[in-house]
Ligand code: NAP
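Just the one chain here, laid out as structure tokens, in the form predicted on its own.
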Amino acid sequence: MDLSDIQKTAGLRTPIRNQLFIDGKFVDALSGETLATLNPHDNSVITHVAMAGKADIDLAVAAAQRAFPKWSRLPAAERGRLLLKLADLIEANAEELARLESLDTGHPLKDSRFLDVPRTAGCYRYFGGMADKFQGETIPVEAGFLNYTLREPVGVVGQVVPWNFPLMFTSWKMAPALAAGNCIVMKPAEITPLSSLKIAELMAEAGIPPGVVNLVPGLGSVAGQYIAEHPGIAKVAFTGSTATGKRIVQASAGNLKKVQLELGGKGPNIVFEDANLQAAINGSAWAIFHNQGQACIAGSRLVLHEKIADAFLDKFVPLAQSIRLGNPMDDATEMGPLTSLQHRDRVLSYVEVARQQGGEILTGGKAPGGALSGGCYVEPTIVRAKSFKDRVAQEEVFGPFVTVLTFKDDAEAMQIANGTDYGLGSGLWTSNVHRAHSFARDIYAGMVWINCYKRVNPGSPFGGVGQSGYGREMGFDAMREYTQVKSVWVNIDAQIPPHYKR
């Protein structure tokens, strides 16, 4: 395999993997079908990636089923050792992975280098260390009996990851599943599969046995749907839109497989009158503009106390206007393109929605011209809405698009915060300790950040409530998601139950 010109330009040292990974080997799709993977900076073709069909997924499930008995019975410490070795290989290939992720997704290179790749390695390292530390319980029951529980792997799990953080989300799903002893059939997003396939290559290098992990890039309507339906898959874990999550639940009913969903969000980011204003301004920009706003936990509703709203916006709007858009492979770029033209157009459509409902466009609202006109770029956009019930304050835009709302008092702030069907991330900025903890208690969300936003760590559970899904990524909760409890009773006195004595 030779390096293409675009790969050389991107500074890649090794060929890009573009095949399915099944039973420890890179193979073409049985149908021969491929899909062009595009560079969102200019929509040039990076490579053509094999697209899995149902027959390919059948092969992947069969490989995982063959591998499961041995993998699940491998000593937990050995599974952990392999994950730790994988973490080492990710760090050894950090620059290659960062460049590949930025080329494929549009993440600024400095974000891929200093956030995505280290977080990915850290996740495998965390769960590698946890593999032999996750244990059952001994339960006090009536005299003469011992009762204990075993945490057993679910079996073959299907995992479907989105296109916004493909490298990092791959680790969030695979690391706990593997540490717990499961085997995997994973579908990366069809438009951003490249870093996931590179991880598969590193897994083989680390010594993870064939069949334990299988990657099957493919269309969601074909490969994703079949993973959700497949009778040989015991659990499906999905990150993506709420609408697709609901279809996965319906498809899973055929064999009552376990389902874990991390879906959409419309995060309230509340700034009170007693907040450290500069910290809140900087943190709020990070909350919405990092990764071009393509994050389910983005602080996409900026909820400002009316006393400080003007002072906040006087600094926040110029900050947004100063963000450097550009080629994600350029070290100076602060915000890259969105990941596809289709999504760029969807984000821009909400500018017109805002105008129709009386919203004020404070800045942005369009695609930049000039050298960036051929890419998937959208300017940082700030919209002041008339009501928290407006569509731009209710629907997930999933781009560099923040809706500004104001409030008079704590009660109104809480009404706005809990005024959507979503419940994923949320944040608040205040120096009032009582207010901070009472809001953390009462906000309808799976995560609350106080005087910060979008903090994640492998040890901290990540997930939502309501239309944002159920189940948790990371931490001990993730290990629980990928195991099932078996209760074992032992009659230690060998007593005959009294009701059956003769």
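A quick note: this is a predicted structure, and the numbers were derived from the prediction, not measured. Don't overthink the numbering: it's just position in the shown sequence, from 1.
There is also a form predicted together with this ligand; it is not shown, and the following applies to it.
Engineer: Counting any non-hydrogen atom inside 4.5 Å, which residue from 158, 427, 265, 337 sits next to this ligand in the predicted bound form?
Structural biologist: Of 158, 427, 265, 337, the residue with a heavy atom within 4.5 Å of this ligand in the predicted bound form is 265.
Engineer: Using a 4.5 Å heavy atom cut-off, which residue among 149, 241, 321, 276 comes into contact with this ligand in the predicted bound form?
Structural biologist: Of 149, 241, 321, 276, the residue with a heavy atom within 4.5 Å of this ligand in the predicted bound form is 241.
Engineer: Select, from the options 383 to 391, 134 to 142, 324 to 332, 185 to 193, the stretch whose residues sit within 4.5 angstroms of this ligand in the predicted bound form by heavy atom distance.
Structural biologist: Careful reading of the contacts points to 185 to 193.
Engineer: So in the predicted bound form, does any heavy atom of residue 218 sit within 4.5 Å of this ligand?
Structural biologist: Yes, residue 218 lies within 4.5 Å of this ligand in the predicted bound form.
Engineer: With a 4.5 Å heavy atom cut-off, would you call residue 299 a contact of this ligand in the predicted bound form?
Structural biologist: No, residue 299 stays farther than 4.5 Å from this ligand in the predicted bound form.
Engineer: Would residue 462 count as touching this ligand in the predicted bound form under a 4.5 Å heavy atom rule?
Structural biologist: Yes.
Engineer: So in the predicted bound form, does any heavy atom of residue 163 sit within 4.5 Å of this ligand?
Structural biologist: Yes, residue 163 is a contact residue.
Engineer: Pick out the residues of 396 to 432 whose heavy atoms come within 4.5 Å of this ligand in the predicted bound form.
Structural biologist: Counting only heavy atoms within 4.5 Å of this ligand in the predicted bound form, the contacting residues of 396 to 432 are 396, 398, 424.
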